[in-house]
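Single chain ahead, written as structure tokens, the form predicted on its own.
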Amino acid sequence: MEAKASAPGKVILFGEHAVVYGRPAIAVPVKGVRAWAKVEDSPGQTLIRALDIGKEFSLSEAPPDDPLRLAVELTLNFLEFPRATGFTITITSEIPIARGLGSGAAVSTAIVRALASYFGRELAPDEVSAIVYEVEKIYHGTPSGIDNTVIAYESPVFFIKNQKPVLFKAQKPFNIIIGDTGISSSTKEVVLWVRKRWEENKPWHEKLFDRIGEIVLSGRKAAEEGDLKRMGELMDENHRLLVELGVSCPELDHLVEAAKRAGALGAKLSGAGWGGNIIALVEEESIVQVSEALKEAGAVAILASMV
């Protein structure tokens, strides 16, 4: 007996960091890269094999806070199979780790879906998202919940913490290019740094988060109206505010500037910052030109995706 499942990566289009403090954000799936989980019979033992990071271990031997173990155990509990044994989960992923593409949430989502299928169940996206959110606490400390939501639903999401997510569609598909700085960044570390700064000066940060929230609302309107030029302008403004917040870095700023010079309608960092990726909004005829400019500017990987 065997079951397989996968989940996409994600990028945040507008609103990172502010979303942790109750403002809205927009995230979209990146279906060109995916994480995979395969569950198959393995009599007498329960094993987890994470091929990309060279790990193989028994479920019972893993530390209680191991995210892979937690994803399995939470799913088994939800399915009411708390003592289920006798299977192996093999995990592979095309999604770079610590780059703001939701690799942890995608792996957890793939595990949850594969296990549910193995035991003859199909979980709704909100059920998958709720399980994965608990695992996200290990990766991110105080997650907003946006990663698990957009990945579980595989749809653009307008998201406000502790509110039901709103799925929406842009008036017309649009193209983004993801440029990877090659710098790993811990979301948990950056989020905790921002929280410390927020605690030290709440009024200043709240005003900045309000401005980001306004950009998100305008960005959703622009997407639903198909106004790509306005979306690009808002991405530029969002990036400037993230620079002001202190979560950008020279490498991210350099890629943003390179994308803009090459004809991108707008560009910004995506994710926690201090490394990871930028995203650039481009018209179809500019994809090659902007991609080449990012490569020349030092991007170690480039991915074009239609949303």
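Residue numbers here begin at 1 and follow the sequence given. Treat the numbers as computed from the prediction; the structure is a model and nothing was measured.
The form predicted together with ligand MEV is left out here; the points below concern that form.
Note on the partner interface in the predicted complex: the residue among Ile212, Met231, Val191, Ile89 having a heavy atom within 4.5 angstroms of ligand MEV is Val191. The contact with ligand MEV in the predicted complex, taken as any heavy atom within 4.5 Å, belongs to Thr187 out of Asn175, Thr187, Ser103, Thr181. In the predicted complex, at least one heavy atom of Pro143 sits within 4.5 Å of ligand MEV. For Ala272, a non-hydrogen atom is located within 4.5 Å of ligand MEV in the predicted complex, even though that partner is not displayed. The closest non-hydrogen atom of Ile12 lies within 4.5 Å of ligand MEV in the predicted complex. In the predicted complex, ligand MEV sits within 4.5 Å of a heavy atom belonging to Val20.
Just one listed stretch, out of 56-64, 264-272, 29-37, 278-286, contacts ligand MEV in the predicted complex at the 4.5 Å heavy atom level, and that stretch is 264-272.
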